[in-house]
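Below, in structure tokens: the form predicted on its own, a single chain.
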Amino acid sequence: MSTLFSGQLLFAALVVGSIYVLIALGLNLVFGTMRLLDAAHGDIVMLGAYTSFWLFTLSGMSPLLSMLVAGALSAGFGAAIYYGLFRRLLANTQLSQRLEGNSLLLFFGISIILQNVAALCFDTTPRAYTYLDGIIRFGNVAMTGNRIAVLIIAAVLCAAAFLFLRFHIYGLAIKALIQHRQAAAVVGVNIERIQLLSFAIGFGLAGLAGSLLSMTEQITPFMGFPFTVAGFVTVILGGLGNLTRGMAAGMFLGFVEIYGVALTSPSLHSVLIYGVFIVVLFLQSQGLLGRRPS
């Protein structure tokens, strides 16, 4: 029982939760502004992880720098996907009536393509590198430098996202679009520009999360699906389209995973995530933390 109250578990939960927050924030941006179900979101995480891995392996570039490259490339890929596939889908009145289903199928196809192209280019062998893996002790808590870096960077990105959504004109426009699409258009919000921005930011955050993960975990072409699932669970727990409460839900899921595994078994990892998800939906159909988008 003393293990459950240790700082070691608390630190691990904060690191995992911060990654889930970044992934879910990007996923929620895409869904909240356009009602698109991004089933390929975890595969963007995978691409970001491979970007940092290869830049570190081939040129020795620090992942603390290559994460910017991974984020920019992922954002550019998101913009290309928006213009190539979803701009026309969103503009078509007939197709927009089945938007969630159509987008789920399109993103699922993108996911399969990305996984197989990555497997063809990089093969399926798990890859990893060591960076900032020295042990740092705070009292009885042993932390690796890379996990401390992940936690700090994720916290800074979440704070920046919160401030952007609350104070920046484009952040306010994103929130307006999430709350009421027609009303946002009436008051002068450029819907297409905000949709493109949401795609770019959402995909960019996923790429950044993948880059951070590459410092602490092995990467493979098929690593993305569990993160897609965790992202969707987090989004549902926080409320669909609810960005700020989705951040809290991501941290909550990280605590459930770490403390649940400590109490049970690592083999029950997925059972814990799905179990909490189902229980919360039974108790509160609009999400764990409320009904109102924000």
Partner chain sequence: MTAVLEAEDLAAGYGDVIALHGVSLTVAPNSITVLLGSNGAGKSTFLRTIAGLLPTRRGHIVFSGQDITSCRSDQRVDLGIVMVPEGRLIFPQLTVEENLKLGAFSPRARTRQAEGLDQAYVMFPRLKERRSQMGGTLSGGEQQMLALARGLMARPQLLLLDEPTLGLAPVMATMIFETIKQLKASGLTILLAEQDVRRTLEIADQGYVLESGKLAMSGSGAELIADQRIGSAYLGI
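As the structure is a prediction and not an experimental result, all values here were calculated from the model. Positions refer to the first chain, counted from 1.
Separately, the form predicted in complex with the partner chain exists; it is not shown, and the next lines address it.
Should residue 213 be classed as touching the partner chain in the predicted complex when contacts are defined as heavy atoms within 4.5 Å? Answer no; every heavy atom of residue 213 is more than 4.5 Å from the partner chain in the predicted complex.
Using 4.5 Å between non-hydrogen atoms, is residue 139 touching the partner chain in the predicted complex? Heavy-atom contact with the partner chain at 4.5 Å: absent for residue 139.
Contact flag, residue 98 vs the partner chain in the predicted complex, heavy atom cut 4.5 Å: Heavy-atom contact with the partner chain at 4.5 Å: absent for residue 98.
In the predicted complex, does residue 222 have a heavy atom within 4.5 Å of the partner chain? Contact check for residue 222: no, nothing within 4.5 Å of the partner chain in the predicted complex.
Between the options 172, 157, 72, 148, which residue brings a heavy atom to within 4.5 Å of the partner chain in the predicted complex? Looking at the other structure, the residue within range turns out to be 172.
Just one of 128, 105, 117, 187 has a heavy atom within 4.5 angstroms of the partner chain in the predicted complex, so which one? Spelling it out, the residue with a heavy atom inside the cut-off is 187.
Of these, 120-128, 164-172, 76-84, 200-208, which stretch puts a heavy atom within 4.5 angstroms of the partner chain in the predicted complex? Result of the contact check: 164-172.
Using a 4.5 Å heavy atom cut-off, are 176, 180 and 183 all in contact with the partner chain in the predicted complex? Yes.
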